[in-house]
Structure formats: structure tokens, C-alpha cells
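A lone chain, given as C-alpha cells: the form predicted alone.
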């Protein structure tokens, strides 16, 4: 048994801690916030009816890969999460509104047929592209599973498709198979979930994430994402570990190039291994010091490009939305035009009146989500932190009000008179993201999933300091709920393989 300290109770840190604890290691998790979960949390607000408290999801829309045969389902089963959390499957993954088009994405087969019916001349390309997506998924899983078993792998023989596509952006891959710019935009609709347009996002990353939903469904935990975090905390505690809240780490103590302990504002914890689920710039810049690192590694840290933050409006309506408006979908992507590169530019320039946004209607997936007769909505837009930084309090609040009004106006164009049904509305910004998670620039997906920061180019989970490891969205394999859970799981498997580090039970 060895002593492991995890910094940060996001899903990556919790997943690592849970698996290590299940294998008999002494695990403690230190979290600066008053609740565990990172982005996988919820919050309460009073409504106009002051006797009622509404609970809002912080970030999760859907999780993929949880259907029978899904790889993430197997991971959550091994961790023990499926014993604690019930997941509801969405009938429709999303509805995409584009000029003159209304596209439903329900399943792989149905989606493929929808696109072929609309673009019959692209039939061969559509089928070949989706087959390529599936091959990439299979090869990435093969490589990851071999690594977790401690087996050698050869990308040339085990993953020839991945090797051939590792330098491609999604746009480059789409260009190989799809001629229609409109169809390319339709297939690229999920880009809002991952933070970069087709010209920049890694084709392999997008392909894997796409197959998670299309092949194995979209799911939401009954309750909210907080249930996932709570389940992992309970698993850690059930196996002798501890999760300590309001414990802000101030230093990772390093001696002779190895971890010796962790200091917080409340105490000191000697430890042999540290897993940091925090932003790596925070981990190395503030908690350790760049002077303790090789210059090459510092350059890699300094070159990291963060993902965008987001603006998110949380709404509670005093109506049954489905009955009043006839909207049955859980997720709606709203596009004023087809050009996704222009969309990204509009997001960077904060053109709130025209940039794409998404609508999540939680009661359409779980009718018992909130109180009877109410509907919970989330409006989501990717957003840089620059336009929010440096504002005084008055200017910041004024901007929040103005942006909220723009978003509600756009929502009302789709669903007339919706304003009169708003019981509560609150807006979060990239500064909110930064405040609660500590992520540099309020990044919601950690490091960008660009070609330059994906696959083997992404920050590794091992570090130059002995006994210090990384988990979460900034390291491998990537951001999002699935990515960070895999990150924590893979890291725990790696540590468990090292017989000098732990005694396996």
C-alpha cells in the first residue's frame, strides 16, 4: 500500500482516486471548493416563489458511450459508478437548426440515412467518412487498452488509420470525402461541444467523440452530473480513502526531484505520490516553481493553448415547455448560417446576436428533473475570457445583463413570448469558470484539442518530477466528461502496473 494525494476533485482526479482506493491504496483528495466535482456539479437558487429552490446543472448536456458495448460504460462499471447512478438515454442526440434545414440526429443508422436522403450524390462519401470515424475509434481504443494492460503496441501495425490521420484537421478529413460545404457543416455540428472549428480541431479526436454518441447513445444521469461526482466520492470513502473539502493547496513539496508532501492553508500531508487534476500552469507555476523543471518541459507548458470558456444562461420557466411549444428535443443547436469558421470568428469577436448557440431542455429527458410543471433550460455559447477581464463590477454586471437580453431575444424568436414565462435567469461567464475551477482563462475543455495538442502531442500524464502525475482535461487523452474520466482511469491503471509503486490486491 502506498500513499496517494490527489489535488482537485474534478472527475479526472476522482476517477483516479476511486480506482486506486479500490486496489487498496491509501488515497486522499484535496479540493479547495466546498463541494466535489469540478464542472460535474450543480447549484441551487431561489425562484420568485421564495419557498421553492431550483437545482441547476453546471455543465453537462449529455454523455456518450454509455450504451451496451460502450467503452466508457465499461470504465464506469469497473469504477463502480453504475452501482450508484442511473443514466437516462436520450431519444434524440440533438436537433440542428440551419438556414432552411432542420436536422435530427437520433442514431448512427438514422443519421446516415437522413444525410443520404438529403444529399444522395454524397452517399458514398458519407458512408466512407463514417466508416473512417469508426476505424479511428477502434484503433484508438486498441492502443489505449494495450497500454492499460502493459502490453507493447506499434502504431504502424496496430493503428495504421490513426497513424495516417494523426496530422489531419477535421476539415482536411471532410474535404477527402464530402464535397458540399453545407453537408460538411452539418456533420461538424458537434464542434461546439469540443471548442474548435473544423479547420483546427483534430480529426481523430472529433471522430472518436462523434462515435461515442452516434454508436453508443447520449445519456444523462438521473438527477444531475453531481450524482457522478458524489458516487466517486462515496466509492473512495467506501475503500478507506478521504475527500477533504475547503483544502486549498499552497505547495507541492519536492526534494531531490521527487514528491515529499503537499501543503494546504490548513495543514501538511506527507505523501509518496501526487496526482494533480489542476491546471498544469497552476500545478508547476504556483505550487512547485518552474525553476525545478527542465527547460524543455517549461517550454511545453508555456506553449499550451487553452480552450475557450463559455457564457451560459440558466433559466427556469413556469410552464411545461413541451406542452406549450411542442419541442421534444433535449438539445438544439441554433445556427444563423452554415460557415463554421465564421461561427468561430464570431465567437472570438463576441457577436452574440449571430454566433451559434445551443439550447438544453432538461425536462425533455427527465420529466422529474425539477418541480412539477416547471422547465429548466440552459443556453450555451463558447466565449473567450478577454472581453470579460478588466471590467469593474458595474461594467461587468451591465455586460451580463446586455448579453442575457440578446440571448433571450434570440430564444424568443424561436419560441414566441417565452420571456413572460421566465421565473429565474442567471448568466455565468468565463470569469465564473475561472473562479470555480482555477482553469487558466476559464477554459472549459482544458487544453485545446487542436492537431498540435492532440494524441501523442498532448501533455503526458507523467512529469519530470518523480511521483507527480497529471490527470484531467489538460493532459491525455483530452477534455469533456469522457476525456477526463478516461484520463483518471488510464493514469490509475498506469500506477497500478508499477509494482514498485503499489501493492495490487
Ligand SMILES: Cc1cc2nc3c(=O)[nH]c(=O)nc-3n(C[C@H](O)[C@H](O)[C@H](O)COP(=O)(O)OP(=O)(O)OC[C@H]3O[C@@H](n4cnc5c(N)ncnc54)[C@H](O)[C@@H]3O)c2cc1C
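Predicted model, so just to flag it, every value in this text is computed and none were measured. Residue numbers count along the first chain shown, from 1.
Only in words, not in the display: the form predicted in complex with the ligand, which the text now covers.
For the ligand in the predicted complex, the listed stretch (79-87, 397-405, 137-145, 244-252) containing residues with heavy atoms inside 4.5 Å is 244-252. Contact check at 4.5 Å (heavy atoms) against the ligand in the predicted complex: all three of 38, 62 and 481 pass. Proximity to the ligand in the predicted complex, defined as a heavy atom within 4.5 Å, singles out one entry of 159, 96, 93, 287, which is 287. Interface residue among 321, 369, 380, 216 relative to the ligand in the predicted complex, by the heavy atom within 4.5 Å criterion: 380.
The ligand in the predicted complex comes within 4.5 Å of no heavy atom belonging to residue 4. In the predicted complex, at least one heavy atom of residue 445 sits within 4.5 Å of a heavy atom of the ligand.
Contact annotation: residue 310 falls within 4.5 Å of the ligand in the predicted complex, judged by heavy atom distances.
Within this chain, residue 26 is remote from the site of the ligand in the predicted complex, having no heavy atom within 4.5 Å. Residues of 262-297 placing a heavy atom within 4.5 Å of the ligand in the predicted complex, in sequence order: 277, 278, 282, 286, 287.
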